[in-house]
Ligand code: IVH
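Next up: just one chain, as C-alpha cells, the form predicted alone.
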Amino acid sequence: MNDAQRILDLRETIRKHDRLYYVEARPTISDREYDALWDELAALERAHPELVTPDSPTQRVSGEPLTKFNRVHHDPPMQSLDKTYDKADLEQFDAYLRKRLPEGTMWDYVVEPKIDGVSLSLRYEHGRLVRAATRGNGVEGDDITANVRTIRSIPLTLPCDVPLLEVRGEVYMTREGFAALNRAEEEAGREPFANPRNACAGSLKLLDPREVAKRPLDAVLYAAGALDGVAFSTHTEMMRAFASWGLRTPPWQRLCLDMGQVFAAIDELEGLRHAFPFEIDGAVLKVNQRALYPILGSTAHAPSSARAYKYAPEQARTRLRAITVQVGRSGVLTPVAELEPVSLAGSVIARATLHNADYLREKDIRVGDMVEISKHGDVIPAVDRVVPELRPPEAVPFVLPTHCPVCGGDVERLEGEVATRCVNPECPAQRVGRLELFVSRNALDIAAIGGRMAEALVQAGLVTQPLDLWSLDPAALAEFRLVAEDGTERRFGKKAQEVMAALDRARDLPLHRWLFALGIPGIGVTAARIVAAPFASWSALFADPLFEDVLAFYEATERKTEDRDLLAGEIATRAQALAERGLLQRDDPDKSFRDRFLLTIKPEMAREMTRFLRSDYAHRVAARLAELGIDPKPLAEAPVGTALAGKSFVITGTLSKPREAFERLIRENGGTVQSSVSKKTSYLLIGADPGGSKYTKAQALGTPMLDEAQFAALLGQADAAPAEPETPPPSPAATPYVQDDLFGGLN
C-alpha cells in the first residue's frame, strides 16, 4: 500500500472512531491506540504536504487568530421558540393547531430535551462542512467556522452527496467540562463563568481557534435550515438520517399521539434532567409532520409548529453555618460556605463555593444568614442570594484571612485579579499542581506521572518539589502502591523504569521547555521560547539582570512626571544596553526613543521573570539544578549562511501544516518570526484565507509575499515539509494545562 492510500485509510478509520467515541459513546479502541493512528496520519501528512486536505482529522485546529468574525445571512432565518412554564398553555397550543389545520388532518408530536446552549447552523455542501454560524439576530449571525471545526463531535464530512444540507442545533458544554473550566478559571485568578451557557457563548466568541479547542464544547443537531437535494417527511425521519450520517442528535426523544402522552413525556424528562451530561432547562414540543410547517407558518420570532416548556429552576433555602477557606493548587484562597445540609437537584448539599472576596461583598453574605442555593450548571452548588429578612442580628461580614490557612504564609491580591493568593511557593496546597505541570507534555514530558500519581507522590512525602523526582529510588518507586478510583491498590511496577528513562531524557531538553515546566506566571509555551532565546544556558539566564533592565526600560518610558532630561538619559542608557544585546530593533535613529524600539521581550514577560528570579523559590531551583548537574541550553542555532539567515517572516492564513511547524522551520534555517508586518519584515508567508490587516500592510510597504511553494523554493528544498516540532501538537484527547501563579510580587 502506498502512502497516499494509507493516508485515505487512516482518515476513514479515525473518522469512524471519532463517531464511535464522540457521537455514539461506545469506543472500540483505547486512547493509546487512537493516538497511534492519529500520529501515523500526522507523520505521513508531514511527509506529503501536497496530500493534506482541509477535512483531514489533523486539520481541526489550524491557522492564526481571527481579527474579527464575518457576518452570515440566514435563509431561512434562524428563529427562537415561544416558551411557557404552564401546561395549560400547551393545551391551548394543541387547540390552536386544531383550528389552524384543515379538518381531518392527522399529526403527532415529538418531545425532546431543551438544551441550554448556544444556537448553531452548519452548512454542508456535497457532504463537506463549508460554514458554521451563530444565530445572531436570526437574520444575520457570525461566521464561526474555524472555531466549530475544533468541536470533535461535529464531522467535517458526511457520508452523503446532498448538494446542500443546513443542519441546526445547539453548542453546549458538559457539566463535567464546565466544572473543570471554572476550577481552572478560579485557579488562574479569573472570575468563574456563571453557567455552562455563558461559558459556551464566551468560548465561541474567542478569536483564536487554538484557544477554543481547549474548551470542552460539544453539539447536538435537531433541526434543518436550507435543503437542496434531500427532503424529510417527518422530524423523526430527519433525526434518523442525521444520526446515520454521524451527526449527534438528541439522546432522548418521545413520539406522542395526544396531549396526555405529551404531559407524561414532559414529566418523565423532568425526572431525568440531572441524568444527562449537559444542562437542560425544559422540553421542546414539535409537530412531527414537516409538511404541515408551511401551513402553520411562523411569527417574526418563532415557528408556529413548536413550543418550549420550561422547568422551574431548582433552588433551596438553608442556613449558612460557617465560612471556611480552601487553598488551590496555584495558591488561590477560595471561601466556602458550610451549610446546614439540604436536598437539591437529587443530592444533599452541605457546602457551596463563594468564589472570592468580591462575590462575598457584592452579595453581602454573612455567617448565620439564611441563603438560597442552586446548582450552577446542575453541578456546582452556589449561594445565589441572602434572604435579608431572615438575617440574625449577630451576623457580621466575613473577611478573608491575611495569612494562608494551610501554611501560614503571606497572601496578596494582584492588581487586575479577583483572586487572593498564598505567595509561599512551598505551600503544600500548591505542590501537586506544580508537579503536574512539570511532567506535562509541553514541559518535560514525564508521561508515566499523571494527575493521580502526582498527587500520591506529594501526599506520601516523596516529592515536595518537582526536582525531587531525580532523588526517587527506582526500586522503591516500582513498589509504590497507587490507589485507583475504585479503591483498589496496584504497584507502579514497570512504569518506574519509564519515569527514570524520561528523567534522563529531560536533562537534555531545551531551555524553553524547562522554563515552561517551572510554571512561571505568564510564561507559556511561546513566551518561554522568547525568554530563553538570548541566553546560552539556564545558569546564564539566572545570573543575568536582563529582565530587570527590560522592566526598568518600560517603566522609564511610562513615567511622565519626572524631569524630561533625566528621564531621556535613563531611557537612553537602558536602550543602549538592550540594543547591544540585539534585543532592540531600531528604525530611524532620529526618532524619539519611545517610537524607535520594538522589544522582543514584552513588559509582562519581563515583570513575571523578574518576580520569579527574585524569589527564594528560584534560588532553590537554581541550587538544586546545579547539584544535579543540569544546565539546560537553548535549541542549537542554525548555521550562519543558510537560506533564511537574517530574514524575518510574518505568517498569515491557513497553511498545509500547523503554523508552529513553519515557525520552527524558519528558525532552524536562520530566520526569525514576527507577529506583525513592519519595515523590517523580509517576507509575508501566505496561506488560504489570509488576515486582511497583515496582507494590506504588506501591500502598502511593498513586502514580498510567498506561498508555500515559493517558500520551499526559497529554502532550496522544493520537496521539503515543515519540520516536526520537538513536542508534537497535543492529540485530540489531550487536556490543556492552566498556568499557575506561584510567586509573590516584586519587592
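The shown structure was predicted, so the numbers you read here are calculated from the model rather than taken from an experiment. So that there is no doubt, residue numbering starts at 1 and follows the sequence shown.
Unshown form predicted together with the named molecule; subsequent notes refer to it.
Judged by heavy atoms within 4.5 Å of the named molecule in the predicted bound form, the contact stretch among the candidates 470-478, 108-116, 515-523, 210-218 is 108-116. Interface residue among S343, S233, S80, S675 relative to the named molecule in the predicted bound form, by the heavy atom within 4.5 Å criterion: S80. Think of it this way: in the predicted bound form, the named molecule has a heavy atom of just one of P381, P510, P303, G177 within 4.5 Å, and the residue is P303. In the predicted bound form, V284 approaches the named molecule with a heavy atom inside 4.5 Å. With a 4.5 Å cutoff on heavy atoms, E170 counts as touching the named molecule in the predicted bound form.
The named molecule is not shown here, but in the predicted bound form it comes within 4.5 Å of a heavy atom of Y222.
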